[in-house]
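Shown next as structure tokens: one chain only, the form predicted alone.
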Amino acid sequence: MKSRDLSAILKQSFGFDSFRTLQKEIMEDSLAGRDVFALLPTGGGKSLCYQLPALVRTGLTLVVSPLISLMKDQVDAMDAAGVPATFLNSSLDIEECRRRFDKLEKGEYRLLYIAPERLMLSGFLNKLRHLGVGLVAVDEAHCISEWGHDFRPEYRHLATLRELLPEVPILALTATATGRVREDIIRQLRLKDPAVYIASFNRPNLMYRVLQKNKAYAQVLEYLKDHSSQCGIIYCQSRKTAETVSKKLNEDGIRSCPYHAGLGASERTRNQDLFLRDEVRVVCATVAFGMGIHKPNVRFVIHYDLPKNIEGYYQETGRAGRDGLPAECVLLFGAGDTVKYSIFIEQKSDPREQELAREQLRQIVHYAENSTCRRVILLEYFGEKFDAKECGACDNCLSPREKFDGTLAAQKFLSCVFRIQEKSGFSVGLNHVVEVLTAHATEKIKRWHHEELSTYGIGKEYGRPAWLEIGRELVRLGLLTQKAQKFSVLELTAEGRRVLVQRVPVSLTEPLVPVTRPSFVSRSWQAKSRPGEISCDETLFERLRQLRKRLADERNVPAYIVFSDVSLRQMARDRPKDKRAFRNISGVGEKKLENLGDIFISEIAEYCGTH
């Protein structure tokens, strides 16, 4: 296929004028029969990399996906674009499965979505040879790696496909994977000399912000009231918190539902559908709610509690702004979260697991407390360098925290670490140093006679949370080292000893300030043109949203399958008067133009006539 042919199909069937980064190259290599590994960020258009080629490729495109609850929506989206597709999973009865399989054998479908456990049944594998498979697309490919954040044992059996269909190219797709996971995916799927495409992890349309947690529910409620027309996800550490927050929101007039592994399968599916179909604005969830949430208009993701690691945090925040329009990612950070996770870590029986968990905790706390660009920290984790001096879309770049002369505070902290080691002959952890500085008469302090130290109680000018931040910043500055071993003990570095002995000036960052009523979007962010923003007639946009919701309900599909927010905002900006103009709207392919064009054009004309 030539590039211009793919571009013509892109517009005709999917309504887009141009490809996103690397999409065209991935399609061309795959259509040429080559194995491909593709890492595209959430919202980067992974699905299109196998959906569009399915229209021109000889044979069936087999899509392996763990997302049983979303297969129907994906097939509905294909149907709306005029692409014949189906799915096979446990939600169908035997008769319906047989009917769909008959159509597959007749070549009536271009795409088949199937879960790995269903695919690997011996009966299905035997039939697979006769379906004329032209491509195997493995979505969420990181699930095959034990080093990935969402390992699924059933994915390990997919290597059988290479033996069963040796000449069929494989396309492995994921939104997040470290270098180690990428190599594991390629090895486990037995990809042969694959073309490897890795797009930037940067999501310019996402605004990152960290707030000191202070009356967390009040903070969240205020935000939701200020963003009354938007929908989003609130991630909670525990099932109980997810239930409690959801219940309180409903009592305060904000439609919400919980989602966690403790709910029955039918209730989880129901709650997910309510959110996907805009029946509720907010879902309060644990990490069980996540992979494959293809709702494009999630405008915010709030972390009510500290995530366990940066990879999970990136994946969860990535569910915001999939449509490319501006969205916000807010982390409520409190020292108590760190303490809770530390207790969980100590309860792990495997020392290696403990060490890994401590390192992951250190990294996410470093992200939360650091005063440098948050985007730089996130991208560095995935081995990517962010060249700009500031991103213009995080709190640290838009509203930098003040620096202060922290020489005295640093002297007190470093001296306390030194005196403890000198008296006891061993090092202690961060919490114990802070307890000595603030004169907490704990059992360990009494047992080791640390109340006799000259540094006992010399730090009462700061509270415990502030001293914890100061200690962690001294680690980041290289004056202390925090070893990821049992108890994560603190020790002075050579530079730390020099600073202590020579009284070298030390500049520290003002600790995170508790905010009761958070301004989640700074004035700077509001004043600037935000990446992905489409200015339009907001009243007309809201009217088109209501029309979209009615049409979606009539068709029993989520609203975004009718049209995305991007399409509606362009309509509310350009106000197309006829089908020729309507065809220029992003997301308007030939089938949607035929089925929906007149309805939306009429609505826009009626609005313009009265305004």
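So that there is no doubt, residue numbering starts at 1 and follows the sequence shown. Just so you know, these numbers come straight off a predicted model, no measurement behind them.
The form predicted together with a small molecule exists for this protein as well; it is not shown, and the discussion that follows is about that form.
Of the candidate stretches 58 to 66, 571 to 579, 44 to 52, 538 to 546, only 44 to 52 has residues with heavy atoms within 4.5 Å of the small molecule in the predicted complex. In the predicted complex, the small molecule lies within 4.5 Å of some heavy atom of Q23.
In the predicted complex, the small molecule lies within 4.5 Å of some heavy atom of H294. With a 4.5 Å cutoff on heavy atoms, S18 counts as touching the small molecule in the predicted complex. At a distance threshold of 4.5 angstroms between non-hydrogen atoms, H260 is out of contact with the small molecule in the predicted complex.
Just one of R110, R322, H450, R358 comes within 4.5 Å of the small molecule in the predicted complex, counting any heavy atom, and that one is R322.
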